[in-house]
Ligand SMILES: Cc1cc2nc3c(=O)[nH]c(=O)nc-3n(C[C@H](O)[C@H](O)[C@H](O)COP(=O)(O)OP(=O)(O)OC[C@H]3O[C@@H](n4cnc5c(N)ncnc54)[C@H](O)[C@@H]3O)c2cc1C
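One chain follows as structure tokens, the form predicted on its own.
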């Protein structure tokens, strides 16, 4: 990281709490802070004009939601009393409690919260950026492409349909499968599945990271006659030639390159922390924001907290995780500001509603270590089985819970667990 120009060291502004990132985590933690203390001086740094409900894109790609229903203006979501700085961060200077914006301004802070989300590295797959949106190459991981997924699924009558999953970590680890299952369900309902070969090309070694949910998912792998492949990492795409190149890891550790023809290719790109995080003092050796997994406080800088997809915590990178993390960070920042006395602790909760068919979902909920953490008793909703109740939750309840609850500081089913610990300085 280049050193800060001494000429820029004059501070151009300061805030009690600076939040880097206005996605799900950033808006939620700002709202949680203001709901606890409306007199705080809080600012969010984010250049984006639009805010997306990304968990909805799977259902856009499955023909359930419209793309337009998943987007709102950033201005309409910034919590009352919070300053919106429409800029990007270029670098951090944590030893001076300051950061630099990409226009050169220096902002100081008492407390810093970092939650910029992930970088989707489309260019890491050779030929992919040029191929997307044409010749049947698509991805539900982009707002403009999720409708193209549904268009291609509807139009496909026969041939080869490939669905890729890159190495972990990725946001919403179940999303690659969701696209697969919803597509196969559509083809099955329209009598086309026998003429379409669906293959799941997974770079990992397991279908899902929490074993309790795998039996139900395997039932659908068999139901749709899906060709299931582990250890296959997509490395190149030839859109006009409709060829996908994979590197396969063999049992002895050696690699094999193979090509597969496709008529439809749903791609999930490799993912990493943004460059300005990876090359900063906040990052661990792998490039993620280095935080304590319980308190979410930075391991080296006591007035910095992190949450959301860019941290090095081992939880699933989902909006549901951010919903649980935001109140923890809000509480612990107020402890650091001497406004509260008891720390809160995050238990690693994450949730992944796996849409296995239109109208049914396997609702995976778990904490650190893959420990099951259901929100409802099994008699009401057994997340290990595909249920219509879980679909109703995903389709009807979770969007308003996101827009009107999580982003407004209402912590329904997300109240933080307080510990008896006193903060370490």
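What you see is a predicted model, and the numbers here were worked out from it, not measured in a lab. Numbering follows the first chain given and starts at 1.
The form predicted together with this ligand is left out here; the points below concern that form.
- This ligand is not shown here, and in the predicted bound form it never comes within 4.5 Å of any heavy atom of residue 278.
- A residue is said to contact a partner when one of its heavy atoms sits within 4.5 Å of a partner heavy atom; residue 105 fails this definition for this ligand in the predicted bound form, lying far away.
- Though the partner is left out of this view, residue 55 does reach within 4.5 Å of this ligand in the predicted bound form, counting heavy atoms only.
- At least one heavy atom of residue 308 is located within 4.5 Å of this ligand in the predicted bound form.
- For the marked spot (60, 181 and 263), a heavy atom within 4.5 Å of this ligand in the predicted bound form is absent from each of the three residues.
- Shown alone, this chain has one stretch from 233-241, 81-89, 291-299, 252-260 that lies within 4.5 Å of this ligand in the predicted bound form by heavy atoms: 81-89.
- Taking 327, 166, 136, 116 one by one, only a single residue has any non-hydrogen atom within 4.5 Å of this ligand in the predicted bound form, and it is 116.
- A single residue from the set 273, 344, 201, 175 has any heavy atom within 4.5 angstroms of this ligand in the predicted bound form; that residue is 175.
- Using a 4.5 Å cut-off on any heavy atom, the residues of 13-46 that reach this ligand in the predicted bound form are, in sequence order, 20, 21, 22, 23, 24, 25, 26, 45, 46.
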